[in-house]
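Given next, in structure tokens, is a single chain: the form predicted alone.
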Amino acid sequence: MTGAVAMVELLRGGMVESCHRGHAAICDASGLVAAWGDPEALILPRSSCKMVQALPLVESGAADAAGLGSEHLALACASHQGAPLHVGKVAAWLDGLGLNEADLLCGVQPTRDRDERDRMIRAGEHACQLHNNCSGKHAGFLTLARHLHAGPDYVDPAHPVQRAVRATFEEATGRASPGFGIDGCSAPNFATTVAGLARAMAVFAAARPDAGDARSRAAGRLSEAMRRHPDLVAGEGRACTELMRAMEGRVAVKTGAEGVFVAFLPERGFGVALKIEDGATRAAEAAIAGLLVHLGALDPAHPAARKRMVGPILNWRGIETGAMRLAPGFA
């Protein structure tokens, strides 16, 4: 077993002030292609696996029965920022099911969209569950629950929705999950290894919406939806949206809390997963950008890449006091 390796460093005064360590894996349909650290490190994927959680929605026929399009599927995979674009589309989705915001079980979360936050403050409005970054995923859960004629407590690990999610998750990762934690949105989040998560991403990388079995077609539709609608997967200024735009729809990426990030590259058939041990978002964003550059999918000179890989550290007077970089030997 190998320990975590240095992935991202922060420099100040000519010294390494901080170092973020982690694990990463790249898989294709045949298995592990490359790894840094310990690919068998056990992790909770958090929101990075939302496309896997959405597979039963599509594969079961629930998405088609409800008339869902690519925007709905992108939102089912999203950690959106609660902008009007996101809130309005999820509200309309629920309305089409004859449901409303009160049927969600994700909890209230303030909008992360600055303009919308300021508008709501001026108008005296309060956030609701539609603003929760997981409201699209939960709308997908509700759609599947309706299709299965199951009860309203769709986040219960014993509920048919979550039993379907777990079975699909274990099949996609290629291994039984040893357990789960409860995510910020109250849904169970099943554990796997870094390599298992990369293997699941390789399933999406190999999938096509019009070929293969039901699982492959479902994964292909979700992959295509994410790459077609990067604005719905996250939002303006967010790493997922900016990096997918930079790669012009050829690659999908997805963040997860506590330093998890994944990507899948349909043109190469590669799935990528990484975990920063200390949970730092800044390091996960830098590391995934570095791996995408390493794989030839992302131009290192693109502003979205430079913003996350080699950004200067400025103090409150605008003086450059340090820099962030990929650790030597990583990617």
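Treat the numbers as computed from the prediction; the structure is a model and nothing was measured. Just count from 1 along the sequence shown to find any residue number.
Separately, the form predicted together with another copy of the chain exists; it is not shown, and the next lines address it.
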Heavy atom within 4.5 Å of another copy of the chain in the model of the complex - the one residue of Ala176, Ala214, Ala102, Ile182 that qualifies: Ile182
Proximity to another copy of the chain in the model of the complex, single hit among Glu248, Asp118, Glu171, Glu236 (heavy atom within 4.5 Å): Asp118
Lys50, heavy atom within 4.5 angstroms of another copy of the chain in the model of the complex: no
4.5 Å heavy atom contact, Arg308 and another copy of the chain in the model of the complex: no
Contact of Gly151 with another copy of the chain in the model of the complex (heavy atom, 4.5 Å): no
Close approach of His302 to another copy of the chain in the model of the complex, 4.5 Å, heavy atom: no
Residue stretch of 275-283, 51-59, 294-302, 261-269 approaching another copy of the chain in the model of the complex, non-hydrogen atom distance within 4.5 Å: 275-283
Another copy of the chain in the model of the complex: contacted by all of Ser70, Arg325 and Ala331, heavy atom 4.5 Å: no
Residues within 4.5 Å of another copy of the chain in the model of the complex, restricted to 91-129 and counted by heavy atom: Leu105, Cys106, Gly107, Val108, Gln109, Pro110, Arg117, Asp118, Ile121, Arg122
